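Single chain ahead, written as structure tokens, the form predicted on its own.
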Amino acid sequence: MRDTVWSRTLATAQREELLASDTLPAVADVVVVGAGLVGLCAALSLRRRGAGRVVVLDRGAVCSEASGASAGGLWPAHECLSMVCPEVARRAAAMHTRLQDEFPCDYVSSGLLEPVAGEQAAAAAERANRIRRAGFRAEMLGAADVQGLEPQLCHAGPALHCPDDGSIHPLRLAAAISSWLRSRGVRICLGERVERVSRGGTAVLARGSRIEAGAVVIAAGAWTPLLTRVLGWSPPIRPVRGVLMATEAFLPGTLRTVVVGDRYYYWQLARGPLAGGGSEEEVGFERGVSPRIAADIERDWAERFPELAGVSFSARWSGFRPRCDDLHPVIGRVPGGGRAYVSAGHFRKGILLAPLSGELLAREMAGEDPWEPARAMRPGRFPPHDPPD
């Protein structure tokens, strides 16, 4: 398990749940490739709809890649205008509310502040109006109200405020879902590198072992095109490396909101650490934390929160966000892939959209009528190609 602020704030039982591995079966009704939150939520929705033998495979631990390296952000109001349509954000937010009621995940309803320069105030006010029309609360705050809401923030101007946005602890949520799945017969098999998915989506080859499957769901994040190309379809999904950093625990309320700047964002975990970052680097699958990016985050932090300029960021990590070219996820049956399905390309909205993605996928696999807004996220918007020999 990677060293992040999330792994450092896990209970022993939760850590053990994320690292535990079940025996690999020879046959399954559905094989889900990828044990991030998108894959776990797909398995959750499938099991709740009566899918029988469900198996989740991952080459690492549960949430060992993008989900576990994320900021845990739930920003449906702030992000609703960049989605396929606002109804996607509304349904995703509603599903997360129900999920949080069932599975403990350290949800923090802190609200979100986006400071804006004076010349940007009119455009930000119009965004606030559009967010309200989309069904979310949003408002413009003056300098005095901003200072009262977030005393540590050095900003003598207005800010866009989304009071209902917040964050979760993604690994705590993953551990709770994983435990629920296992208690209902779902196998989660870790350390299993998937080498190939059969062209009909009826089998998976993992470390030389073949699993016969009724269907395969590929939820492998930025690695998804590497698995789907044998099916004759390669979605334009690529890795974008993002760096985050965190301190040891601080007094609750040191930061009262999520603060979103023009490059980075900052927040405080329910358990106390301060965290921030959110860079975007096109470096392929190159792992690590760039010293240049880390130093830039620290400079930006010191400018925004001068009284906290001397804090020590003891945890530094990076992850690969799966960015689809049109910035929308790809959810549904793989074109020409038989019984192969995909749920990937969520980029910076994977935590928010994971439960909804799982439900949309399970509906399609059950043959139910599609939800109209989901049509814009279907894989068929990207054409297939000839599969390799």
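In case it trips you up, residue 1 is the first one in the sequence shown, and so on. Just so it is clear, the model here is predicted, and its values are computed rather than measured.
One more form of this protein exists, namely the form predicted together with a small molecule; it is left out here, but the text below deals with it.
- When the small molecule is considered in the model of the complex, R59 lines it closely, a heavy atom lying within 4.5 Å.
- Within 4.5 Å of any heavy atom of the small molecule in the model of the complex lies no heavy atom of F305.
- Looking at G337, you'd find every heavy atom of it more than 4.5 angstroms from the small molecule in the model of the complex.
- Remark: L360 does not count among the residues lining the small molecule in the model of the complex, judged by a heavy atom distance of 4.5 Å or less.
- Checking R130, R299, R184, R193 against the small molecule in the model of the complex, a heavy atom within 4.5 Å turns up for just one residue: R193.
- Comment: the small molecule is not present in this chain, but in the model of the complex one of G201, P235, G319, P115 has a heavy atom within 4.5 Å of it, namely G319.
- Heavy atoms within 4.5 Å of the small molecule in the model of the complex belong, among the stretches 344-352, 326-334, 23-31, 43-51, to residues of 344-352.
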